[in-house]
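Read the single chain below, which is given as structure tokens and is the form predicted alone.
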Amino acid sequence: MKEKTWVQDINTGFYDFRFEEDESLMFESGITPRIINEIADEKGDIDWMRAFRLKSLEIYNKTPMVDWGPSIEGLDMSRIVTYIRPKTRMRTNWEDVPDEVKDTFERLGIPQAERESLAGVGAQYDSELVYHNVRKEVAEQGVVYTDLESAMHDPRYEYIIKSHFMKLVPPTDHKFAALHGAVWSGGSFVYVPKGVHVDIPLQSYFRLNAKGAGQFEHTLIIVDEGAYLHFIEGCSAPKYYEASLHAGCVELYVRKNATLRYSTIENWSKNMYNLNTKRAIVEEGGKIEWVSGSFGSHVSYLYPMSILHGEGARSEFTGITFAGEGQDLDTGTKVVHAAPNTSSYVNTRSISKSGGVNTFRSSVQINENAHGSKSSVSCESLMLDSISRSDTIPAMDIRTNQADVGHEAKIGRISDDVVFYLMSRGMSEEDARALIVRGFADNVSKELPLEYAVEMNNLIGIEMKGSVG
């Protein structure tokens, strides 16, 4: 049997499976007041949320298209379906989930992950969560982990949702934030009480099965004073030959002396436009840790932002992107030092091959009152051939002399001498190059949750196949 040696011959389709959609469940494509009202009707929106959606639509129509990154001309919003009715109401018992949906998440390993290592799981299929559960011992600590819409309709949490929803990321932020405000659906609400340390992670997984559709989940997490949480987010979609859109939103509130570790692995198919917005605000002595892996999508705009609002607040951002043929990944991070003695650390790796384009953008702002603050940015890029591209675009706005700021960037290619040395020790050229790439990514990949680090190494092995020369 002939060994497959070229990337296009390799079956990278672990995520590339799909089920036929019932078109009767899909709303009309496009974005109009009638469609927004139909979404609000379908979901039984509270009056203030319906008004919020319609106001967001007004802002969307008035706001110009984003133009600071790669082209998104291939995204025709009039052809995007913004809402798909669920095949089932949300379940808390996995056995009650319909077989088709259950099979999707079984193949993605979600139930197994829940049983083995997670404190709670939320699983979203297209526009709605179909399953949500949290371990009894975690719930007994007072931890709230539920879908956002159930929380919004619960008298215990409605005020919290209303006072926090899209306050960090207002619809006026950019066009796709406004779109999100108009059509959002699904997502999770997490509240960790004061002093509670959640020892094992919570996880949400978002699966977009339908073609020509958008997914617009909203994640809202509040980690109260002195508490700790690790939250893992994963997402994927099968490959189609028409554009799909992901425009979710993540808002994170880290209270005094609290810590939140937020890990995201995005493995969208290469017809996906990933225009996601993520933002955290950190109070006195608190810490936000971002771990970000971007391995998929046709085009990405992704810049998680940390607002260090209280004295001594800290942020760490660790990221890796892998851009292959047909991918233009524009990623990075933003940090605003808005209080004294705050600190931020950014460490990223990007890998490009087969004409893939990686652009890393960092924005560090240290305000006048943020004396004694420190920031360090390190980004390294590796190009595996002569037709790929990697760019670094740092921006630093330092408004006080009492700050310590550093930036380091490296862009390069695999050394032929190193490849030759490894080959002289008995390795094939393909294996030597793959080993070098894994070593390049190691200090970032070790921050990923274990199952995703293994997945990334497998991906590198697959992508490197046939890349010699």
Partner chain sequence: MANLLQINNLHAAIEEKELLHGVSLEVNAGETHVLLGPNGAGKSTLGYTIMGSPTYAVTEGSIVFDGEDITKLPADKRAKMGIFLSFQTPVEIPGITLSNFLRNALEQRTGERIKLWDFKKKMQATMDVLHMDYAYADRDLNVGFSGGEKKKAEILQLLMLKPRLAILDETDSGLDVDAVKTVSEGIHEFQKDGEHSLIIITHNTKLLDGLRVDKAHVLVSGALVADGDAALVDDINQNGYEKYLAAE
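As the structure is a computational prediction, the values presented were derived from the model and not from experiment. Numbering follows the first chain given and starts at 1.
One more form of this protein should be noted, the form predicted together with its partner chain, which is absent from this view; the next part is about it.
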Might Trp68 be said to contact its partner chain in the model of the complex, defining contact as any heavy atom within 4.5 Å?
no
Taking its partner chain as it sits in the model of the complex, is Gly439 near enough to touch it, meaning that at least one heavy atom pair lies within 4.5 angstroms?
yes
Do Phe420 and its partner chain come within 4.5 Å of each other in the model of the complex, heavy atoms counted?
yes
Check whether Ser428 has any heavy atom within 4.5 Å of a heavy atom of its partner chain in the model of the complex, and answer yes or no.
yes
So which of Ala403, Ile46, Leu435, Ile411 gets a non-hydrogen atom within 4.5 Å of its partner chain in the model of the complex?
Leu435
Interface segment, criterion being heavy atoms within 4.5 Å of its partner chain in the model of the complex, picked from 403 to 411, 420 to 428, 56 to 64, 37 to 45
420 to 428
Heavy atoms within 4.5 Å of its partner chain in the model of the complex is the criterion; list the residues of 256 to 279 that meet it.
none
